[in-house]
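Single chain ahead, written as C-alpha cells, the form predicted on its own.
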Amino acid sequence: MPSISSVAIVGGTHGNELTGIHLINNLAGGIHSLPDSLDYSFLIANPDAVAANTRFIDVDLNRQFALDNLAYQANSLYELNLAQTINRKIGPKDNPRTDLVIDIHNTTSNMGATLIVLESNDFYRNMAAYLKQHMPSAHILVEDEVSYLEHPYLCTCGRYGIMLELGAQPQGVCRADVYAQSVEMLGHILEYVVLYNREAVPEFGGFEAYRLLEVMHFPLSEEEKILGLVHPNIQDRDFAVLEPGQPMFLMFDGSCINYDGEQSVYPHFINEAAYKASAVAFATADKFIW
C-alpha cells in the first residue's frame, strides 16, 4: 500500500472563493497546526483572479486540466497557460510527483461542508467514512461518471485528488462559520491520511453518500432568456429529496414545471451563482449507502 507523503493544499482556483485563499495564507503563516509527518506545499492557484476578485480571467481554471489541454502547445488563454504551469509544478497529471491534492472551494449554494471525490475506491471510501464519523454534518459527493484522468479538475494533478466545497457563501466575501468548517474538514482529512500511512485505518460501516447524476438547466425561451426560477420548495435545500411530480421551477407567469424523472433525486449546487452563464439551475444526485 503506497503511502501518502506529499500533500498540496490549494486555494484560489477561483479568485472570488475566499475561504481557501485565507486558509492557504494562514497555513503558510503557521496559524493552524498540521500533522508533521507529511510534506506540504501551499498554492494560491490563480493569483491574478484573486487580485481581481473574480472567478477567472479568461476561462475557468478548474476546467483546464484535461490531458489534451495540458499538452496544447500554443494558446493565449491565461488560465490554460496557468494550468500547464501548475501541472508541471505539482503533477504531471499522467505521472504525478504529488501524492494528494486538496483543492478548497466555496459555493453560493447551501451545501454545507461537502467532500467531492472522483473515484469510488477504498482510499476515498475510507476517507469519506472517517470524515462522516468525525463531522457528521458533512456531505459526501461521488463524481465518478468518468475516470479520474478524464476529469478536467486541478486536483487530478495528484495521484489522489479531492475537492472541498463549502457554502453557502457569497462570492467575494468570507464567512467565519464557513472558514471554521474548512479548518475542521481539512484537519479530519489529514488525520485520516496519517492513519492510512500507519495502516491503522479502522473498519467502517456503511454511511450515506451521493453520486452525481445530471445537471438541470433553467427553462429558456428560443432567445435563451430564463423563463422561470428554482422553485422555493427546493431553494436552499441542497441534498434534500426531490420526488417525481414535485415542483422544480416556478415560472414568471405563475405556473410550475414539475420534476418528471422516474426516481427520487437529491439536488445540489442549487442556484450556484457561477453557473448562471451556462443556465445550470442545479445538479442531481442519487443517494446510496457506501
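Start at 1 with the first residue shown and count on from there. Small disclaimer: the values here were computed from a predicted structure and weren't measured.
Omitted from view is the form predicted in complex with a further copy of the same chain, to which the following refers.
Here the chain stands alone, but in the predicted bound form its contact with a further copy of the same chain, taken as any heavy atom within 4.5 Å, falls in 29-37 among 256-264, 61-69, 239-247, 29-37.
Proximity to a further copy of the same chain in the predicted bound form holds for none of Arg125, Met127 and Gly206, with the criterion being a heavy atom within 4.5 Å.
At least one heavy atom of Val230 is located within 4.5 Å of a further copy of the same chain in the predicted bound form. Residue contact check for Ile226: one or more of its heavy atoms lie within 4.5 Å of a further copy of the same chain in the predicted bound form.
At least one heavy atom of Thr108 is located within 4.5 Å of a further copy of the same chain in the predicted bound form.
a further copy of the same chain is not shown here, but in the predicted bound form it comes within 4.5 Å of a heavy atom of Ala176.
This chain lacks the partner; the member of Gln133, Ser120, Asn75, Gln171 within 4.5 angstroms of a further copy of the same chain in the predicted bound form by a non-hydrogen atom is Gln171. Along 18-55, a non-hydrogen atom within 4.5 Å of a further copy of the same chain in the predicted bound form is carried by Leu18, His22, Asn25, Asn26, Ile31, His32, Asn53, in order along the sequence.
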